[in-house]
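Just the one chain here, the form predicted alone, laid out as structure tokens.
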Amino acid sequence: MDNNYDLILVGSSFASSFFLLEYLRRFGPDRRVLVLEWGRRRSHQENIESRRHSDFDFEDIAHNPHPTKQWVSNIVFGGNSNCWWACTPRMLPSDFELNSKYGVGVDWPIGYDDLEPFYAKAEQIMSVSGPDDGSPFPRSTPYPQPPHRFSEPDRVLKQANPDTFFVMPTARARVATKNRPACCATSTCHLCPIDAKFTVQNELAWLYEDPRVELRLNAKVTHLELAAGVAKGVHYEKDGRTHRVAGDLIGLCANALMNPSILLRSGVSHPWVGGGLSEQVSNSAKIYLDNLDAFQGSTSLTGHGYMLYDGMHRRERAACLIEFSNKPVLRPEFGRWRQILPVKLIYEDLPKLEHKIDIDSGDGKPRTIFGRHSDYTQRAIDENRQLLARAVSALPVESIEYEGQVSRTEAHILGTARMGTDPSTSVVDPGLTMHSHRNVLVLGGSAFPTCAPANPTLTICALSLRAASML
């Protein structure tokens, strides 16, 4: 056994880094922290030159036997912060009380007000750019950065829908920070050519240089050593050898694919460990415009439409968030190249217990078991073919062309160790500590009890800050 640590974190992405930031702020110089990261550290230049973020393909780390469904998991220092699109909306207050308000899904064990100050803090850390003329959710502070510039169609929609249409909140810099230039609006955000979006690498790597922190790269955690309701140690592989380390507190921050895999290999048996695998569902459309040009905005995604998001319709069909793209998709008509507006409709889904992660008995890799999205979501998809036209009726619309199929992925793995107050129906408590093992936290998207349309990353970061503040 190596020396004992006060805290062991598994992973180095959003959940781990934001938890570590608050942990180091709260505790003194005598603390010892170990971070175990399966991947290595890749520079931004290397990612750009190789056109990839990780040395691993998904097939290297997990089995996904569903050809129509894709999951995204990057094994590398900084995790999915390297490839995310940096969209940072908050969830709405109603998203936390889906069952009590609309009779579907479940309520979160915490409310919007519990998370609001941590949302604000996460936005400050990321230097989020957001609207200065209102917000779809209550706010205690203004956004740290000014809003990105609208396109002309965005301006028309904002004028017609002042309470349901906003500039998208984003961690793609509107103005340069100390470490990042302003967004160049080339719409290649998964591999930002100028490093303008927030990543762990460009803004929080200093955490891992703190003298209290030891970072071990290329360290693949296999399982926890559990006994009598306590985690005694963490087992990992590095350089062809197996190792064991002990820690007083252990945080699993390895995303909603790897967290349940580690718990299952540790002998944890609970229906919601691995159960409830989910993410948002999306489809796309192109709006053909009459004598109105698009693509004047200052970033890749500019407008955020809440016209189909909240309301009593959620008793019957899913909420939908509309993203309005500033990524040029030229119309194949001479002189009308820019008279087109691409949009994406993002729907919530209802997690199902039978959609899950389990462990392959042959090679020990996690395996995804997933059927299709819920009927609740499909009803919204079907209905919104008509409702989208109404939502954008302020525009001079000639026609709307829908994609035939839903997207293969939204790149947000959620819900495989959900939070709640009842140990029989949840894995972690409202502070993200396991009901069954009180020195183990499960951070990140694993803890989400529901799957709201809003991009989950900001909520993941806020939950990590809150969890560390409760120690």
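Just so it is clear, the structure is predicted and the values come from calculations on it, not from any experiment. Residue numbers run from 1 along the displayed sequence.
Keep in mind that the form predicted in complex with a small molecule is not shown, yet the notes after this line are about it.
Each of 79, 83 and 87 places at least one heavy atom within 4.5 Å of the small molecule in the model of the complex. When the small molecule is considered in the model of the complex, residue 74 lines it closely, a heavy atom lying within 4.5 Å. At the 4.5 Å threshold, heavy atoms of residue 62 stay clear of the small molecule in the model of the complex, well away from it.
Using a 4.5 angstroms limit between non-hydrogen atoms, residue 36 touches the small molecule in the model of the complex. Contact annotation for residue 219: at least one heavy atom lies within 4.5 Å of the small molecule in the model of the complex. A single residue from the set 294, 253, 320, 273 has any heavy atom within 4.5 angstroms of the small molecule in the model of the complex; that residue is 253. Though the small molecule is absent from this view, in the model of the complex it lies within 4.5 Å of a heavy atom of just one residue from 157, 167, 341, 258, which is 258. Stretch-level contact check against the small molecule in the model of the complex with heavy atoms at 4.5 Å: of 416 to 424, 433 to 441, 66 to 74, 399 to 407, the positive one is 66 to 74.
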